[in-house]
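One chain is shown next in structure tokens, namely the form predicted on its own.
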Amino acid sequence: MTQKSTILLGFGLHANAHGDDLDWRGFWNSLVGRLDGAAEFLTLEDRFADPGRDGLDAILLANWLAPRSRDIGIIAGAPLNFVEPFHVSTAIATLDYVSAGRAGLLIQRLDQHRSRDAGRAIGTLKGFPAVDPLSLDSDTLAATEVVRRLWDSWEDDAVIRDVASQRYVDGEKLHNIDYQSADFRVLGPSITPRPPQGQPLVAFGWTTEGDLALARAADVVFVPAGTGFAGVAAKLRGEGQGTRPKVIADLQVRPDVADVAELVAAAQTSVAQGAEGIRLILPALYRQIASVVDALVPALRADLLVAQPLGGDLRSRFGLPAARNRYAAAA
């Protein structure tokens, strides 16, 4: 007898999915109601410096959506080369609080063209990297490390709320991260207590061989399904020591095609090649959402590819261990 799979299912969206709909609140409120319970997680890509499509800030939108959702995990994107990692860290920590442990960060490393557009939009500021690929990669890695260290800069029991001594926190359980890269320095600690998950899930979308170092820095890596998926998955699992990223296959759901059987077959192939989950990329939500939720998701479950959402915090859904606080261990 075939055993039921624990393959995870998610949706890949972007923060400008509402398009020209001026009632973005109504759009997103309705959407998250449809997706809640249909999948384990959704990703919200930030479209900053994408001409004509930048839309809402993905992390701010995620913080607006979280209390309006019941169970779905929300992995919000940030272009880490052009936003302060300190602010990204506190915003994702806040998302983890308002979602009760359902938060994640999608690392976005803009390409050279969008990096130039971002620089023009913001203006020349000290600390921005050069736009060659090596500089962008190095800066993204440094920013990711800062975000993670800031989440650890408060120990879990740092908040004491001692009325008698009028002390809110135990200062000995707050830690400076004192991180310096080629382009910036962050002293810390964070201004937000350690998130409920300790370390919210960190995800990254694979594009080329040059992304290996960024992929190693993530808990979850999204890899395009199809030719080459098995090789990339094997490479990611074979890289580095210790914990390796979970590999999720990206399936593009074309706006003009609703062939459920074709998509189920593609998902089966990805699972056979080692995918630990499926992310359905939905570029045209207006036309796709009904058929995906009402037809495709039930078909994926019926073929035992994916289970019902597991619930709980996002790290546990992906089978990640409890996050150790690096500073508490060293104290």
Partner chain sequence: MSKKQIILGAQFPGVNNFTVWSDPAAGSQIEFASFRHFAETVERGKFDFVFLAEGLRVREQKGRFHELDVVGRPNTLAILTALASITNHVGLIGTLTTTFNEPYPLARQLATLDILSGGRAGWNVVTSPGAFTGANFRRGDHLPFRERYERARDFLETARSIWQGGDFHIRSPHFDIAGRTGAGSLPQGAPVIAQAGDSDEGRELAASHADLIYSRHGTLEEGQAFYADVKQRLAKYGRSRDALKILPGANFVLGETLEDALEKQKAIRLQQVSPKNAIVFLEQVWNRDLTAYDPDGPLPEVDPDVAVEQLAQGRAARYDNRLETARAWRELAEREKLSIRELIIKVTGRKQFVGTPAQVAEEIDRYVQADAADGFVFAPHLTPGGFDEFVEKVVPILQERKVFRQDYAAPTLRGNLALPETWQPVAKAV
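Positions refer to the first chain, counted from 1. Just so it is clear, the structure is predicted and the values come from calculations on it, not from any experiment.
Beyond the structure shown, there is the form predicted in complex with the partner chain, which is absent from this document and is the topic of what follows.
*Asks:* Wondering, does W151 line up within 4.5 Å of the partner chain in the predicted complex on heavy atoms?
*Replies:* No, W151 stays farther than 4.5 Å from the partner chain in the predicted complex.
*Asks:* Do D162 and the partner chain share at least one heavy atom pair within 4.5 Å in the predicted complex?
*Replies:* Because a heavy atom of D162 falls inside 4.5 Å of the partner chain in the predicted complex, the answer is yes.
*Asks:* Is it the case that P67, even though its partner is missing from this view, gets within 4.5 Å of the partner chain in the predicted complex, heavy atoms only?
*Replies:* Within the cut-off, so yes.
*Asks:* Would Q166 count as a contact of the partner chain in the predicted complex, using a 4.5 angstroms cut-off between non-hydrogen atoms?
*Replies:* Taking the distances in the predicted complex, the answer for Q166 is yes, it comes within 4.5 Å of the partner chain.
*Asks:* Which among 230-238, 207-215, 245-253, 85-93 is in contact with the partner chain in the predicted complex, heavy atoms within 4.5 angstroms?
*Replies:* Of the options given, it is 85-93.
*Asks:* Quick check on this chain: which one of D71, D170, D156, E145 has a heavy atom within 4.5 Å of the partner chain in the predicted complex?
*Replies:* None of the other options qualify; the answer is D170.
*Asks:* Exactly one of V221, V186, A225, L110 has a non-hydrogen atom within 4.5 Å of the partner chain in the predicted complex; which residue is it?
*Replies:* Of the listed residues, the single hit is V186.
*Asks:* Could you pull out the residues of 187-219 that have any heavy atom within 4.5 Å of the partner chain in the predicted complex?
*Replies:* Heavy-atom contacts to the partner chain in the predicted complex: L187, G188, P189, S190, I191, T192, P193.
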